[in-house]
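Shown next as C-alpha cells: one chain only, the form predicted alone.
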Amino acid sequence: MTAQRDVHHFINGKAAPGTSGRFGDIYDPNTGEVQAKVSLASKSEMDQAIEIAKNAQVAWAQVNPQRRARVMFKFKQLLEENMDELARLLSIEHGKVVADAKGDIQRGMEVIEFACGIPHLLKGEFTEGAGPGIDVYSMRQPLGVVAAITPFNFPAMIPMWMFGVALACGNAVILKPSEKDPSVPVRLAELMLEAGLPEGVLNVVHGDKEAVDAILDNDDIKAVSFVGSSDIAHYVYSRGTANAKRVQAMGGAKNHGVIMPDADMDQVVKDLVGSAYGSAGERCMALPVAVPVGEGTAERLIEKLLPEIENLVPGHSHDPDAIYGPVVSQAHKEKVESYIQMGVDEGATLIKDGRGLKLQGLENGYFIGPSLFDNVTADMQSYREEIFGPVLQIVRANELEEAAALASNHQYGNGVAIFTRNGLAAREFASKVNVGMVGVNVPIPVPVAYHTFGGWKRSAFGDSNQHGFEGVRFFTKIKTVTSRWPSGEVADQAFIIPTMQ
C-alpha cells in the first residue's frame, strides 16, 4: 500500500493547507491506489492568493531585468541538480516513464534558458528626431498578476513555458496546475524561491472549476494562459475575454503524419512508434494518425510497423525497460478503450488491440497496450475526435493533395508532419497545409524555446502563441513616450497635433 501524503497550496513562499474542506485524490496510475490528497481551493482562497501576488508584484516589477535573469539562471541550475528527484515524482503521479519525465522537465528548462535573456527581450524601440527636438521611444512593462492553468500531461514543461517568461518580464503568477499530478508544480515553486524569487511572486493554488472561475472573474488577473481540452479552452477564452483579460488558450489535437512513397520507411516506423505510443499517447503533439500515400506505401508501412508494435510492452513508470507507462486515470483508460471500440463499430480494421492488458503485480494499474487501426476514414467519429491514448490510426490516401486535405480540413490544427526525400513536395506541403506547426521528417514538431508554440482552428483560441518572443509580447504591455527637449527657436514653437495648414 502506497503511503499517503497531503499536497498543499504554495502561497506567499510557503505551504498553505487548504481551508475549503474539499480535497481531491491523487492516484498512482501504476497500481490504482490513492497515494495522496490535494487541497481544492475555494473562491475566497483563490482571491486571497491573488491579493498576495498583487502586493508582491509591485516590488518584483522594480527589480531590474538583469537581476530577474539571475534568478532564472539559478533556477535552471537547481533544475539540473534536482532532475532525478523531479522526474521520479512526476512519473509516479502522471504515469509516464522516468525518461519521458526527464524530457518533460528538459523542454520546460529550455524556456527558462530563453527567459535568462530577458534584458535583451525587453528592449523597446527608439526614434531620434521624430520632430523638432522630439524623440519617441517605447518600453515593455509587466501586466501585473497573470494566471497559468496547466494540464496533467506535462506537469513540469507547460508550467515552465508560462511562468518562466511571465516572471522574467516582471509579473507575479498564480499557477493552477492539474489536480491529478500537482506535486511537481509545487516543487518547482519551491526551487524558484530557493533561486531568489521573492515570496508571493509565484503561487501554486490547486483546484477544480471553482478555482478556474475565480481566476477568470477576478479583476486583478490581467492575463490567462491555458492548455487543456478544446471545449475547456473555448470556455476559458470566452469567459476570460468577456472579463477584459488577455487569454491564450491551447486546446486538443489530431496530428497527421503524411508518408510519401519515397520516405525512409525504417526511420518513419521508428518515428511513428515513438510519437504515437510514447508517454502513452498523452501528448497534444503526439502523432496518432498515419497517412500513407499510395497502396504500396500503406502495405510497406504496416509490414514494418507490426513487429515494432509487438515489442512495445508498457510497464511501471519507474521500470527502466518500460517503453511507456499507464495512462493517468481509470476514467481516462475507459475513455481510450471506448474509442477503440468505437473504431471497431465504425468499420475500421483493428490490427492490434491494446485493451484488457494486465501486468503481473499491477493488475489494477491503468495500462493500455498499443493499438493499431487500418482503413480508418475521415467520416468516422473516432478519427474526428482526439483519443489521447496509445492508439495509431492509418488513413490511406491516393495522392499528396488528398493527404494534405485530411490535415487541413480537420477540426484541429495543432501539428502535422510529412516524411519524404522530395524537397519541393515538402516545401509546398509546409507552405499550404492549414495547420499551425509543421514537421518535415520530424514527427513531433514542437518548436525550440526561442520560437513559438501554437496551433490553429480548435487547437488554439486567441491570437498569441506560447513562449518565444510571442510569450514576451503576451506577458507585457507597450508604453510609448514622446519626449521634447527644445532649445533656441524650437522652444518658442507650440507643440500641437499637425494639421493640413
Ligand code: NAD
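Start at 1 and count along the sequence shown; that's the residue number. Only a predicted model underlies this, so the values are computations on that prediction, with no experimental measurement involved.
Below, we turn to the form predicted in complex with this ligand, even though it does not appear here.
For the three residues 152, 178 and 235, which mark the spot I'm curious about, does each lie within 4.5 Å of this ligand in the model of the complex through at least one heavy atom? Checking in the model of the complex: 152, 178 and 235 are all within 4.5 Å of this ligand.
This ligand isn't shown here, but in the model of the complex, which of 372 to 380, 98 to 106, 353 to 361, 206 to 214 has heavy atoms within 4.5 Å of it? Stretch with heavy atoms near the partner: 206 to 214.
Heavy atom to heavy atom, is residue 429 within 4.5 Å of this ligand in the model of the complex? Residue-level check for residue 429: no, no contact with this ligand.
is_contact(residue 343, this ligand) in the model of the complex, heavy atom dist at most 4.5 Å: Looking in the model of the complex, residue contacts with this ligand do not include residue 343, since no heavy atom lies within 4.5 Å.
Would you please decide whether residue 251 lies within 4.5 angstroms of this ligand in the model of the complex, comparing each non-hydrogen atom pair? Looking in the model of the complex, residue contacts with this ligand include residue 251, since a heavy atom lies within 4.5 Å.
This ligand contact in the model of the complex: residue 201, any heavy atom under 4.5 Å: Because no heavy atom of residue 201 falls inside 4.5 Å of this ligand in the model of the complex, the answer is no.
Which of 403, 272, 284, 184 has a heavy atom within 4.5 Å of this ligand in the model of the complex? Of 403, 272, 284, 184, the residue with a heavy atom within 4.5 Å of this ligand in the model of the complex is 284.
Just one of 226, 75, 366, 324 has a heavy atom within 4.5 Å of this ligand in the model of the complex. Which one? None of the other options qualify; the answer is 226.
Within 440 to 462, which residues come within 4.5 Å of this ligand in the model of the complex, counting heavy atoms only? The stretch 440 to 462, when checked against this ligand in the model of the complex, contributes 453, 459 at the 4.5 Å heavy-atom cut-off.
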